[in-house]
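Here's a solo chain for you in structure tokens, the form predicted alone.
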């Protein structure tokens, strides 16, 4: 099945491309007029310098406004990592533990349901469930988790299991990807995170891990999920041993998949966190300590430009960047701040110190401070509530912050007037 782009023909916006060099201007004008930016042109945008960079940002912001208006969305959700025991040996990962490690964790279905119920009671509409590949775990455990949650909370959206976990479960049960995914969907799986993508390039992946899912298998599982009716997110994890050529090719591949399946709900760029990553610790002379600030800005902006009309939700990961930088991305083509999360383990395990939860009320405050209209959505981007003249319920963070305030940066800047709901649309 081929899906049509929602891109319409627009006249080029001179204000967006003003000051750009002729080669970059031509690329941006094509994007603004509804044309498709090629892989090679994407590389050129990633390598932009000087005034060209500002033109890239303005173009991304213009396309964001065309696709999403001035609404910025988020979902109230909880992360549940049911085990951190994993023996796959991903070299960039600081999350995995051995069974004998003191910090090793395994949750039984009843414990997972208890955490899901706690999230539901705090207003969550989604639980995001992922875990390590425990060597003794049965492939049927994924189904057990889904059935346990759906039995207790039939209205909770289950967003669960990366393509790597699907590969593992299918291998354990000796089922095809299609049959395994169909079985999980029938059990109650609503959507999947498109994590484990890293960079969809064989050369890069061989440096990140020797055992992890190949790029071809990731694409096959994602396509199959879409074909059986399971939507997924898309991700890119960058800033390690990669380069602009890899980024542009990765984004173009996601776009090609979307043209065929229409199954991606969003793209989430994920900055490599080097602090406690074995990949960096063992190879500090070969591995970069995450992306530069310029690369972070350009990743969100170029993704918006290349994916416009195909994947029109670009999400920023506040767990990777922090609240202040996440808010800045709203002028780089981003229209979504992700989820409240309540608990976050994977980024923290890699050394991120940006906290585990930003409450709905705090996300609304961040969005308003950027002059945008806050919107609570569900997992598949259906609007659930628009916060124009009221706030979400104020809740204490689920995990004690020990006095840290993720929104302390807002005290330094005056709040900008928010756009009206009509203008945001």
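Residue numbers count along the first chain shown, from 1. Since we're looking at a predicted model, the values are computed, not measured.
Here the subject shifts to the form predicted together with a small molecule, a form of this protein not shown in this document.
Proximity to the small molecule in the predicted complex, taken as a non-hydrogen atom within 4.5 angstroms, holds for one residue of 113, 330, 219, 270, which is 270. Put simply, of 244, 309, 239, 338 only one has a heavy atom within 4.5 Å of the small molecule in the predicted complex, and it is 338. Contact annotation: residue 365 falls outside 4.5 Å of the small molecule in the predicted complex, judged by heavy atom distances.
Using a 4.5 angstroms limit between non-hydrogen atoms, residue 73 is distant from the small molecule in the predicted complex. Within 4.5 Å of any heavy atom of the small molecule in the predicted complex lies no heavy atom of residue 58.
In the predicted complex, at least one heavy atom of residue 319 sits within 4.5 Å of the small molecule.
Comparing 182-190, 103-111, 147-155, 77-85 against the small molecule in the predicted complex, the single stretch with non-hydrogen atoms within 4.5 angstroms of it is 77-85. Annotated contacts: 126, 266 and 377 all touch the small molecule in the predicted complex [non-hydrogen atom within 4.5 angstroms].
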